[in-house]
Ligand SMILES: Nc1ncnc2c1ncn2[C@@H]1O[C@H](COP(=O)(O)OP(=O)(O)OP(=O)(O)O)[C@@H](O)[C@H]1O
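One chain is shown next in structure tokens, namely the form predicted alone.
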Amino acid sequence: METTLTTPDLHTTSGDQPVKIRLRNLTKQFTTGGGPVTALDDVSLDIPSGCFFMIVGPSGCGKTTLLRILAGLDTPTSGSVEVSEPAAGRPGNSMVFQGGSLFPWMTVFENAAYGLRMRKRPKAEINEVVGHYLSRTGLSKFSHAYPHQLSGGMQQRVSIARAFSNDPDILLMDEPFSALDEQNKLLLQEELLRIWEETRKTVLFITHSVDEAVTLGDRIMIMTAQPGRTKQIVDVPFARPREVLELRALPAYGELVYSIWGQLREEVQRARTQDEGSVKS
């Protein structure tokens, strides 16, 4: 096993874009009562700096495991992870989860400021940065509220404000909108795109929604059923900035969603067959 490496610079991709993350032959196995289970198998990727990189795949294909390895919360069984060094004073990454990641005893402002306070940033800087992102997410008037006083969509806005306030080099997002209704999901997708346009951070975003992947992403990795491998990398051709509803009205948008779903559907059906076989055995 090779540990995660932080290097000042990585070789460029074929498009001469600096590489932010490089995975080589990444494999992860877990030991269970029924024997070893391979979650990720021989995954190799170059993710350019500033890329909004989407990951789709059937349940159990190792998507979250991949993010946890990049976040430093887990280690690969074999293979390597290289990440270019962040700017001085900037954290390597921040992670946004599906939900329930806010501290219930902290106010909206305190939750959003948590990363900056842990880094012991000056109070004036914290007030300015957090105030900016609370404003961008429409939460300024709720800065003194507590998480239990907010809707699910508003709580996820706080999580997004906290992640951007911390100014990480890489933003890792694990199905952050999956529990929301369609209206709130659409609003938060629009908000995320607007905030991302300011910073153009490198983002890795897991989703089960092909619509969401095409709406937000620059590139989409389609993963196979377990063990998770790279089935296809799709470049999203739509220009930025994007307006979600206008984008979804384009015939080319529907054609791309249909094409990706065709690839993904094969893997979802294969995963279902695997599950049925496990139950019978």
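Think of the rigid core as the biggest set of C-alphas that the two forms share within 1.5 Å after superposition. Sequential numbering from 1, following the sequence displayed. These numbers were taken from a predicted model, which means no experiment stands behind them.
The form predicted in complex with the named molecule exists for this protein as well; it is not shown, and the discussion that follows is about that form.
Asn184, Gln189 and Val214 all contacting the named molecule in the predicted bound form, non-hydrogen atom within 4.5 Å: No.
Stretch from 230-238, 42-50, 55-63, 252-260 whose residues place a heavy atom within 4.5 Å of the named molecule in the predicted bound form: It is 55-63 that comes within 4.5 Å of the partner.
Among the candidates Thr107, Ser80, Thr199, Gln98, the residue which, in the predicted bound form, approaches the named molecule to within 4.5 Å (heavy atoms): After the contact test, the surviving option is Gln98.
Contact residue in the predicted bound form, from Arg121, Arg194, His208, Arg90 (heavy atom within 4.5 Å of the named molecule): Comparing distances to the named molecule in the predicted bound form, the residue within 4.5 Å is His208.
Any non-hydrogen atom of Thr27 within 4.5 angstroms of the named molecule in the predicted bound form: Output for Thr27 is no: heavy atoms all beyond 4.5 Å of the named molecule.
Contact label in the predicted bound form: Leu247 to the named molecule, heavy atom within 4.5 Å: Leu247 lies outside the contact set for the named molecule.
4.5 Å heavy atom contact, Asp169 to the named molecule in the predicted bound form: Asp169: no, not in contact with the named molecule in the predicted bound form.
Residues of stretch 177-192 in contact with the named molecule in the predicted bound form (4.5 Å, non-hydrogen atom): Stretch hits: zero.
Did Val234 shift 2 Å or more between this form and the one not shown, C-alpha, core superposed: No; that C-alpha moves by less than 2 Å between this form and the one not shown.
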